[in-house]
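Presented below, as structure tokens, is a lone chain in the form predicted alone.
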């Protein structure tokens, strides 16, 4: 015959069961809260580097310098559907630099040489300025300084390059150092709707 549980045993089971339920509830609450807050993102209407119509000002480099990750979690991304694939891309070349014998600017704009330029199709040697190129951003080199984004804005560019928080690299800090440093409050939590 099995022994009947004592009053102490029953109270012990009840306390442990209540503790498990409380921990489960706290975990569910925290998970719901984290999902509601979402991931860090950049508001393109506030970011000085991305905001259209804002030209003639220096690029803000706080995304590159303030992130707690050694190489910022914010990267430049090219929207190829908007890119003109121009021979002289203002985001690739420093268009204010001296022009070489080939008719192209002699300096690149990116301080980390993170943009790769490859010809599309065959290059016409008789008319080198009439060729098209693909501009691929090497995310392992990009630190999100914003120089290319600023240069890609109209009227010189087409606005195809923008800054994005790469959430696979972001540590998802509760108090993002870039968000605290941003003078335009452009770094914010994207609120996810919960169903």
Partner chain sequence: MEYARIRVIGGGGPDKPLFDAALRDIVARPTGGLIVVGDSVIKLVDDAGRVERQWSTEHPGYCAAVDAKGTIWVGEPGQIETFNPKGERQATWRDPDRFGLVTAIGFAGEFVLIADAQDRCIRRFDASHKWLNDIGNDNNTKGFAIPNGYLDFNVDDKGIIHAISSGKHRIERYSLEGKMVGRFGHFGQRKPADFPGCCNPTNMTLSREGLTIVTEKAGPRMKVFDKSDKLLGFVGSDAFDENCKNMPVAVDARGQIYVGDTVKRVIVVFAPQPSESGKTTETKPTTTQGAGTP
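Positions refer to the first chain, counted from 1. None of these values were measured; they are calculated from a predicted model.
Just so you know, the form predicted together with its partner chain exists too; it's not on screen, but the next bit is about it.
(message) Quick one: 143, 178 and 187 and its partner chain in the predicted bound form, is every residue within 4.5 Å by at least one heavy atom?
(response) Judged in the predicted bound form, none of 143, 178 and 187 sits within 4.5 Å of its partner chain.
(request) Determine whether any heavy atom of residue 131 comes within 4.5 Å of a heavy atom of its partner chain in the predicted bound form, and answer yes or no. (result) Yes, residue 131 lies within 4.5 Å of its partner chain in the predicted bound form.
(message) Using a 4.5 angstroms cut-off on non-hydrogen atoms, would residue 113 count as touching its partner chain in the predicted bound form?
(response) Judged by the heavy-atom cut-off of 4.5 Å, residue 113 is well away from its partner chain in the predicted bound form.
(message) Taking any heavy atom pair closer than or equal to 4.5 Å as contact, tell me whether residue 79 reaches its partner chain in the predicted bound form.
(response) Contact check for residue 79: no, nothing within 4.5 Å of its partner chain in the predicted bound form.
(request) Using the partner position in the predicted bound form, report whether residue 71 sits within 4.5 Å of its partner chain, counting heavy atoms only. (result) Because no heavy atom of residue 71 falls inside 4.5 Å of its partner chain in the predicted bound form, the answer is no.
(message) Can you work out which of 158, 137, 170, 59 has a heavy atom no more than 4.5 Å from its partner chain in the predicted bound form?
(response) Selected residue: 158.
(message) Looking at heavy atoms inside 4.5 Å, which stretch does its partner chain contact in the predicted bound form, given the options 162-170, 41-49, 122-130, 62-70?
(response) The contacting stretch here is 122-130.
(request) Determine the residues of 80-107 with a heavy atom within 4.5 Å of its partner chain in the predicted bound form and present them in sequence order; the list may be empty. (result) 84, 86, 87, 88, 90, 95, 96, 97, 98, 99, 103, 105, in sequence order.
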